[in-house]
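This document contains two forms of one protein chain, each encoded as structure tokens and listed individually as structure 1 and structure 2.
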Structure 1
Amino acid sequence: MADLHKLAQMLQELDDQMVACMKCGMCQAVCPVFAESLNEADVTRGKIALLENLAKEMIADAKGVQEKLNKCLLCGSCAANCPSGVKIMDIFLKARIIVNTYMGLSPVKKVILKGMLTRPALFNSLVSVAARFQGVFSTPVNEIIGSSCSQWLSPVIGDRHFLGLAKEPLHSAVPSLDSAPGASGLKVAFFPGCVVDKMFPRVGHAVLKVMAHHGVGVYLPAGQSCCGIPALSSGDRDSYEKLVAANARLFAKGRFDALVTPCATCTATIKELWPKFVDGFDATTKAQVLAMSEKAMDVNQFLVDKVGVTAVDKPTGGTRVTVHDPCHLAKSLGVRKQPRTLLGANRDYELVEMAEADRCCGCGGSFNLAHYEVSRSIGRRKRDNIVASKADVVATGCPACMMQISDMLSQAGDRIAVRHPVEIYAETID
């Protein structure tokens, strides 16, 4: 039985935050999900109308409320376009916690979040086993993108074109690191995030290469956990707090000027969400969480704003690269110029802008799993914009976006590479 007093308190907090919504409907114009469904229940205004009677609605149809709440990418497009400044992401995340506290987790999410994600050593071992045997069940389909498909797994993953797990994750190649500041006088803590660690270790290696080149010391402790966003967005606050507390204790052992990540979602979670969900921690852990959050910074932003990387003068021509702005980087953190500056520092590339560069690609983490057809419809628009730019490469600072865009391009048979901006910048270093 849920703690009714705690639920009542959370419902009151939710009511206080929703008062600011004027029901103007400005969120309609920018919601990627509404653009596909044209269903008022899918847009923020419709969800807030539902939440205004949340207690009554949960008693009447808790499962229906949960399904409506979960049909959201959490991309933040509505919040960025809200004239009243309503803290929409805070509202939705708190509402998911309330509904999950009332209903409990599904068995699948319980296994993934509580059984695996909160046990990093077990999680790493299971992924390592899966990486070893993945070739048996998959067939390569696009060598430029590096994607595969699988008839064996189609009952679970559908007809997705997916990127394989790395043969050697970053945590195996570089278990830990604690180097002193060099010429820059700076030192960073490095938080690769789960997807970079297990699917794109090349991005992690590029970050380490760039930091070494610029004389930036790196603190990379062993035993890092997930940033917690899969648990928080699923309404599992207990797992979220375990993950955040474990990371906070781990990084509190190091001394560094900034905590750098190559993942837009990890950065936004640590920077923006960690300070908002600290009530459950003791005083020491709370202080560690807030200190880590204060220092969190996107790797593109760190290299440009702190290290001083600049674009170079160069003739037109070279490999054409376009940029997809991840929602968590552009809309949440306001980081738009820095990835372009990094790309501009490589003389072999020419930057070409695509239409709607900051429009959501449709991934949305677990949204992609639960609502794949909607996710794919949104992603096709992103794919069309990439192709129309005539780029040879699309660069983006979020590994989840890299997965989604790779799927969309690969299914269409496009031969356009998908890379992280720091990879392209790292090519300039011998």
Structure 2
Amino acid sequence: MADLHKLAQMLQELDDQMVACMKCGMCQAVCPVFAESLNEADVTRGKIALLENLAKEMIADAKGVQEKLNKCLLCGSCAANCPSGVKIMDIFLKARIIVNTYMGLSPVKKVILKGMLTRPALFNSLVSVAARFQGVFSTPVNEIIGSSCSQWLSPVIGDRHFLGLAKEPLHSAVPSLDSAPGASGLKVAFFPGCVVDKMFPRVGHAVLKVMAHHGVGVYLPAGQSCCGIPALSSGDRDSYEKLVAANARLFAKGRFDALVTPCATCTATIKELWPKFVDGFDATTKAQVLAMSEKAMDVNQFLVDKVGVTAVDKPTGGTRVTVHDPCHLAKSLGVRKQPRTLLGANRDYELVEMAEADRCCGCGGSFNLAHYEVSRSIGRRKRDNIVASKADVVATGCPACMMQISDMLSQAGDRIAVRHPVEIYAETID
């Protein structure tokens, strides 16, 4: 058993940040996990109280606190709604590093994070083997969404309706690129992120098509690693630093105006979390990490704010599209308008807003693995809102949200396509 006194001492470094929480409870109004369980320990105020009590050695059950701490989507809804401006994400991520390092990672997470994620080449080849065999074990269920289910794998994945791994991941189709700026005079580094690379390469291709169309040069180096959020949110700082340093070294070789990603989570991680967790790097790496972070930008935002894409005047409509605002895009980065502008640039679509467009879909990365039932009930509410909007298509700028929403819609038998706004915009380009 861990030495509680030592753990408590380490947590005390968070005291200055935690004391700002005045326990008003306003986080209850927006927390998707609390809305399902109604348990105070599942909402931010409760988690902070538990961490404070652990730091003061008032609580002996560190494992219990660890479980509560990890039961959070890190969606940031509470931080966006906090009257006291408590730096909740900082507290939770730092606390997870302290508590999870001390208590140890679960064996599954150890294998995934330390054994696989930090070895991109191995990760890629394991995924390509899996992609080849997946058809044997799964049955397609919804051709509009492109989802499958699997009896064979149900002990591992439950009754999820999953999107198959792409036959050809983006890194195989386009191993690398380094094109000069064209008409726009701009050049971007392209960071597709793991999920786009392996599951939605079509989104990556759409990005490349759009950049080419607008005369934007692209730097796409081979051998990209994960942005690090699965490791950081699991409290595995060691793996996190390996991934970030590898990316920083790789991208430092290119010259570009912005680092563009089609993944809300990757953008938020690179832009907001990378600068906060740089203490462990040497000076060179630190400078590279910060430079990359400063240039990071969501692809919707880049196309609207930098390239100048605008909505068309008189859309003809025909296809109803609704927007789900990913937490990392809307609440962390404040990008809400740009995906809608991008959709408005395709005259064949008509934007219809759903209720609670910025309410979390319940994916939360590994939260979906550890707490699938909660994740699913949060997702059902999202599904109900999508269906109520009577949309034909739901567009969202985060591939993790795309996975979750696809699962929810597919399980309910809805015939609603799940797309990235960039894909819909790319349709306007011949």
Partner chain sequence: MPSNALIKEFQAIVGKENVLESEADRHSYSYDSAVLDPVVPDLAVRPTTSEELGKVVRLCNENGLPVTPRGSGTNLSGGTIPSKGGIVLLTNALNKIVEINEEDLYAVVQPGVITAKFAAEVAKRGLFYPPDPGSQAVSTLGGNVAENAGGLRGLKYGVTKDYVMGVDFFDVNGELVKSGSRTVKCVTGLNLSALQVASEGTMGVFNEIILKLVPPPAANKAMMALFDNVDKASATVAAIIAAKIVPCTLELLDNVTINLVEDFTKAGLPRDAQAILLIEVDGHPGQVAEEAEKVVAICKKTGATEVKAAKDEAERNKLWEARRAALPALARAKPTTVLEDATVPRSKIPAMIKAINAIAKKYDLTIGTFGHAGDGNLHPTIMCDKRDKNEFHRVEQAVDEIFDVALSFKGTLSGEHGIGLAKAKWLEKETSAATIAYAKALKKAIDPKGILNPGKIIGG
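By rigid core we mean the largest C-alpha set that fits within 1.5 Å across both forms. Keep in mind that what you see is a predicted model, and the values were worked out from it rather than measured. Structure 1 provides the reference sequence; residues are numbered from 1 along it.
The form predicted together with its partner chain corresponds to structure 2, not structure 1. Superposition on the rigid core between structures 1 and 2 places the CA atom of Ala412 less than 2 Å from its counterpart. Relative to the superposed core, Pro315 undergoes a C-alpha shift of no less than 2 Å between structures 1 and 2. For Met10, the CA shift between structures 1 and 2 after superposing the rigid core equals 4.5 Å.
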